[in-house]
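Next up: just one chain, as structure tokens, the form predicted on its own.
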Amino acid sequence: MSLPDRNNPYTFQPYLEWRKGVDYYADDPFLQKMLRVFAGPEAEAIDREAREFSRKASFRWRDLAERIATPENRPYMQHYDGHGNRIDRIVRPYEVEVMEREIFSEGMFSDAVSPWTRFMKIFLLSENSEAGVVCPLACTWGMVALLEKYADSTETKRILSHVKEGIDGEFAIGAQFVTEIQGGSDVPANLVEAVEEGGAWRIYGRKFFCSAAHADYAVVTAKPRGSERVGCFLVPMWLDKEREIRNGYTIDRLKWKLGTVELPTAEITFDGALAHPVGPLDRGVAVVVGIVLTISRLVVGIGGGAGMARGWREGRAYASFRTAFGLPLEMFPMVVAQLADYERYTRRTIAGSFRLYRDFMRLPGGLAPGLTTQEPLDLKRRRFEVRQLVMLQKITVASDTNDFARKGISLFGGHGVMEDFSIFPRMLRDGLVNELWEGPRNVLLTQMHRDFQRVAEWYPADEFVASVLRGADPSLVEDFTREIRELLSLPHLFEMNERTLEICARWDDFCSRFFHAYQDLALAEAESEAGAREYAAGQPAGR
């Protein structure tokens, strides 16, 4: 029975205090277990680094990320100074500049940093959602991978050193400007022009979606004058950063976005910006898609699992704390079933991202442009697997994350839509943007169907399925094999008829189920290996 009490003693403070005290890594035994399984001999050293880094990500940077997520702290443009000079200054809150400087000072892309350290740091940072820093990190990583393969001049090598190792303690930030208004994800439709003038390349034209517009350098796609093929160029964004003199371009406006609102995304017009060609001038699409965008898609998958880890943790604690109708939420079967579903999705998503990252790191020479390389068949097939799995992870995890966030908001009831109460609102807003970045779902689904057709002679789809799902239930592998053969019996997805529409719907569903099977297999293998190690060490498995 409940009697009136104008001094209602109920408070959410115990839950909020718990939330403030969580250490993303130290308080996540499952994440620690995945690191031990997949990082192998490096695990102990990476564990120490992760614990140190997590204390910053979980507290100081978490607090900064929450401050800059408020509407009054969105970036804005100051086009002119007090004397009428065009400066196009992007005004960002002090907190994001401090956080960005501290995070980039970690030197994540240095040769001295283990790839597993990089993975863990990006994962832990992503528990704060994008926060204005994860996208620039992804873009910088993609730029590093690109320049490590193609930097062949004094200037491009200097830029590579600036983003990897820093200059006088300052680490540069990278960006990638590919999209144009007429083409969207259709990069070959680019119209921005690259012109060789006086022995130097200059860029002219307008880019429509330019995230991390505050960056020091940008990878920019453009067509050399007279060519129908897209080239890839590296553009220094400043001629003199201290005096705010930009390199031949204007920032026309900042986008008003649904999510990743802390990140300045702009429309930019180039008017003779000095640029450096990177890679073969006629293979810009393959270079950018195969290397730069693949890295960004990989980060979307890593970040999705990180968001789920935090969401599941907060949802589970809230269900334990919050009472309704005289009982804790965790006593209601519907809530218990929902939390069990959250746990399953979270664990398999994280296990899948660890396993895919391990395979990505094992590619000799890193990523390569295009589908065809002059390499032994086994290596060529491994490259194709990683390429397809990265796209599959991107579309599947992005979708799952949004589903997860929406259901998490429901679990919290009215508090679910409160931005300062849980991670779910920001997770949903940023997740909706992540579904679009680096290729929306329909584009990547079409690309993957086309890729399988293109490699059919040297990597039949049924062999791909058998390799990726090696160790899974044979009947499951057989079902997926039979299904992919039928779906690929249609040579392309561009003819408007009932058959194509049916295949499109089934292909979408197939890709999600197939990647979920990959995640489930990764989790089963990880749990089995972790259990064997703990048993050998005399510790009980499944702690």
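In case it trips you up, residue 1 is the first one in the sequence shown, and so on. Since this is a predicted model, take the numbers as computed values, not measurements.
Note that the form predicted in complex with a small molecule isn't included here; everything after this is about it.
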Choose from 182 to 190, 154 to 162, 92 to 100, 276 to 284 the stretch whose residues reach within 4.5 Å of the small molecule in the model of the complex, heavy atoms counted.
-> 182 to 190
Is residue 210 a contact residue for the small molecule in the model of the complex, using a 4.5 Å heavy atom cut-off?
-> yes
With heavy atoms only and a cut-off of 4.5 Å, decide whether residue 349 touches the small molecule in the model of the complex.
-> no
Is residue 178 a contact residue for the small molecule in the model of the complex, using a 4.5 Å heavy atom cut-off?
-> yes
Decide whether residue 108 counts as a contact residue for the small molecule in the model of the complex under a heavy atom distance cut-off of 4.5 Å.
-> no
Given the small molecule in the model of the complex, answer whether the residues 321, 326 and 423 all have a heavy atom inside 4.5 Å of it.
-> no
Among the candidate residues 382, 257, 246, 355, which is the single one with a non-hydrogen atom no more than 4.5 Å from the small molecule in the model of the complex?
-> 257
Using heavy atoms only and a 4.5 Å cut-off, determine which of 437, 116, 217, 270 is in contact with the small molecule in the model of the complex.
-> 437
